[in-house]
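Just one chain is shown here, as structure tokens, and it is the form predicted alone.
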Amino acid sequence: MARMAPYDEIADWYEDEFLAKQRAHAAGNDFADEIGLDRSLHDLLGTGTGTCLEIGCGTGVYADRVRKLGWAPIGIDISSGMLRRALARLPVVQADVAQLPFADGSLAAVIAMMAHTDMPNYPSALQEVRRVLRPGGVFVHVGVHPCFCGGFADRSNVDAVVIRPGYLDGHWTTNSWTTQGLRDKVGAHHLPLPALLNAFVDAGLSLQEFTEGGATCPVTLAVKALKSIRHEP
């Protein structure tokens, strides 16, 4: 019997309750823009053509944003439960991001949207991203900010976030300041900022641009990188 992915059991809750509450909280505005997700995608991915792969696509909620920029989205995730909900939004493939089922140099763009903490070995995923990108291809990472989000951060007061010991330790944890979110349910794999950025460099991805999102204390960190040719023969 195939092992269930952590998100399989909560896929319906994620789509019907978690995301619905975020949309309701935004009072009719685009819920994602509260923490700068739309802005980061627009500014860092930009307009283009060709296939844009989203690794860890979940239920595919960013597909329309990618289409509006001119790209053709396709998603990959290990969770069959999440992909069942994503099918209505974009073409999907069930696979491990550490072994992407795409040929070398075959993709124009890859994105990771709020997904890197769900990947046990994100540095390996970045190696695969570089492999499947064509020369000059773009990778956009948008994730929770490693300095201000994690099991070490108490965000119950967004105007005075408390950072406790634990940031410097790369680890997996289900510790969370809230029981209404994801991390107490599926856990998170934390990388300190230097380890995260070094993983891009080690993979041969050339860092180009950065943005942060969220008011008062940043919630997200976004990175634009290009496929470097320094490792090519």
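The numbering used is simple: start at 1 and walk along the sequence shown. Treat the numbers as computed from the prediction; the structure is a model and nothing was measured.
Separately, the form predicted together with a small molecule exists; it is not shown, and the next lines address it.
Interface residue remark: Leu90 is not counted as part of the site for the small molecule in the predicted complex, having no heavy atom within 4.5 Å.
In the predicted complex, Ala20 stays away from the small molecule, with no heavy atom inside 4.5 Å. For the chain shown alone, Cys52 is not a contact residue for the small molecule in the predicted complex, no non-hydrogen atom being within 4.5 angstroms. Using a 4.5 angstroms limit between non-hydrogen atoms, Met82 touches the small molecule in the predicted complex. Across the proposed site, Val110, Leu205 and Phe210 without exception lack any heavy atom within 4.5 Å of the small molecule in the predicted complex. With the small molecule left out of view, the stretch that reaches within 4.5 Å of it through heavy atoms in the predicted complex is, among 115 to 123, 102 to 110, 146 to 154, 132 to 140, 115 to 123. Checking Ile35, Val61, Leu45, Ala199 for any heavy atom within 4.5 Å of the small molecule in the predicted complex turns up a single hit: Val61.
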